[in-house]
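Below, in structure tokens: the form predicted on its own, a single chain.
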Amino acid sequence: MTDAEIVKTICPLQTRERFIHSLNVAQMAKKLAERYGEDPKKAYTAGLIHDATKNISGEEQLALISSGGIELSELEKNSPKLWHAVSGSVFAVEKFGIADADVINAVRYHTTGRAGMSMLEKIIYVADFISAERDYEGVEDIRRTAFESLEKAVYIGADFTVKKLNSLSLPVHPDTQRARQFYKIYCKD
């Protein structure tokens, strides 16, 4: 499936804001891929589809997850905001015919991250944090860091997530905790 066909498929599934975000993540992913020697086409495609299922119903997301043979952990079952990454990875296979495990994993782990991510996984994880429409405090620092050290940007993103969830008294996914610990070494001077 071409990127143009993917765009035609995801556009009606997403809110206008989510669709713009998906386009922005794809563009940022392409730039990061060019910077770090990853395939820009693959990065662009993964960026387009990373949030493909974010705006579909919870029931549809759970059905996709089930059809993909994935069993959610208890934390994941109780955290609907995490479902779109898992359901999106199944959607990538079932709807778009994606067979590249790296693209599938980049979609699957773009929200939680994980220790030892591939280059493409790191690119999509970071691109999601720093896409053009993002305007939270500190985003410019993370954008700059992303082009200096992708691993340091992953750590900053994971650390940001852990601190935010802790401040809201929400559980932190173990993959995010492991990513934060794994990439912390890149922040030592």
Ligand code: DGI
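The shown structure was predicted, so the numbers you read here are calculated from the model rather than taken from an experiment. In this text, residue numbers run from 1 along the sequence as written.
Only in words, not in the display: the form predicted together with the ligand, which the text now covers.
Colleague: Considering the ligand in the predicted bound form, find the one stretch among 50-58, 141-149, 27-35, 66-74 with heavy atoms no farther than 4.5 Å from it.
Modeller: Single hit among the candidates: 50-58.
Colleague: Which residue among 82, 90, 98, 117 has a heavy atom within 4.5 angstroms of the ligand in the predicted bound form?
Modeller: Exactly one residue meets the criterion: 82.
Colleague: Taking heavy atoms only, is residue 20 within 4.5 angstroms of the ligand in the predicted bound form?
Modeller: Close contact is absent here: in the predicted bound form, residue 20 is far from the ligand, nothing within 4.5 Å, heavy atoms only.
Colleague: Is residue 13 close enough to touch the ligand in the predicted bound form, meaning at least one heavy atom pair within 4.5 Å?
Modeller: No, no contact at 4.5 Å.
Colleague: If we define contact as a non-hydrogen atom of the residue within 4.5 angstroms of the partner, is residue 161 a contact of the ligand in the predicted bound form?
Modeller: Residue 161 belongs to the contact set for the ligand.
Colleague: State yes or no: in the predicted bound form, is some non-hydrogen atom of residue 128 no more than 4.5 angstroms from a non-hydrogen atom of the ligand?
Modeller: Because a heavy atom of residue 128 falls inside 4.5 Å of the ligand in the predicted bound form, the answer is yes.
Colleague: 165, 173 and 176 - do all three of these have some heavy atom no more than 4.5 Å from the ligand in the predicted bound form?
Modeller: Yes, the whole trio is in contact, each within 4.5 Å by some heavy atom.
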